[in-house]
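Quick heads-up: it's one chain on its own, the form predicted alone, in structure tokens.
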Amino acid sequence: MPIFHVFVVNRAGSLIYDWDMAPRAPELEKTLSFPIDFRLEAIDQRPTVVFGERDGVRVGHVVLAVNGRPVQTGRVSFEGSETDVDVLTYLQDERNFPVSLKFGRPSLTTNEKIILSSMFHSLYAIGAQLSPAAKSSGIRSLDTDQFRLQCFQSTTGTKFVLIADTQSASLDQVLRKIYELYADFALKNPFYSLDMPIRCELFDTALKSLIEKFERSGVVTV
């Protein structure tokens, strides 16, 4: 019952803590001829597959390397060249083929995590307003075919969000235990200010221990 992500979002919708143990998708390296079978576009400065799927390469994969050279912010630098080149421009030139491309799923950047946390904060409030029942909470759980999202909101409005495997159970108990750890190691820290990012080694260690024991036994203990 693996847990992939833990997010703590303050009452204003800002991300103040994240713990990331999501499995990384395997990287795929392909030697391609001109023209390539995929349509690539720059998304967040990353050459991204937006159309065409083949041999394990899927829409959403990004180009991680060109001829063994890593891609950074959509550009690649080759040995012996004084300047880097735009990957999309490079792949439009037939003279550069055949070419070896390494594809993979991009990991979430810090900025993307901040944006997603803010979006969930808004959706949580919208969910509460759309509910036909009075004094309804917002989104507490969300199931998909790939993951399960569980949310617990404290009385002060701080949200604790888990992203876990679809077979995971007792996630609400895990979230309440994480809240206890937050109260013990963050709120009782005289140097911590409410709603500010959590930077506490004791909290990190206790959270890791809790999740490891839960994944092994399914029992919520510390």
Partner chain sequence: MQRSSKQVSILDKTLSRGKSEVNISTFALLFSEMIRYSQNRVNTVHELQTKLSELGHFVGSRLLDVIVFREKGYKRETKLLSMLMFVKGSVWRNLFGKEADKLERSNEDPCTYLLIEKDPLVNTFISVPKDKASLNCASFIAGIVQAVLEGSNFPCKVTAHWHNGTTYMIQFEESVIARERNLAESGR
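Numbering follows the first chain given and starts at 1. Computed from a predicted structure; not experimentally measured.
Below, we turn to the form predicted in complex with the partner chain, even though it does not appear here.
Scanning Asp37, Asp184, Glu29, Asp195 against the partner chain in the predicted bound form with a 4.5 Å heavy atom cut-off leaves one residue, Asp184. The chain is drawn here without the partner chain; in the predicted bound form, the stretch among 171 to 179, 150 to 158, 49 to 57, 186 to 194 whose residues come within 4.5 Å of it by any heavy atom is 186 to 194. Ile211 falls outside the set of residues with a heavy atom inside 4.5 Å of the partner chain in the predicted bound form.
The closest heavy atom approach of Met21 to the partner chain in the predicted bound form falls outside 4.5 Å. A residue is said to contact a partner when one of its heavy atoms sits within 4.5 Å of a partner heavy atom; Leu15 fails this definition for the partner chain in the predicted bound form, lying far away. For the chain shown alone, Ala206 is not a contact residue for the partner chain in the predicted bound form, no non-hydrogen atom being within 4.5 angstroms. Residues from 193 to 208 that approach the partner chain in the predicted bound form with a non-hydrogen atom closer than or equal to 4.5 Å are Cys200, Glu201, Leu202, in the order they occur in the chain.
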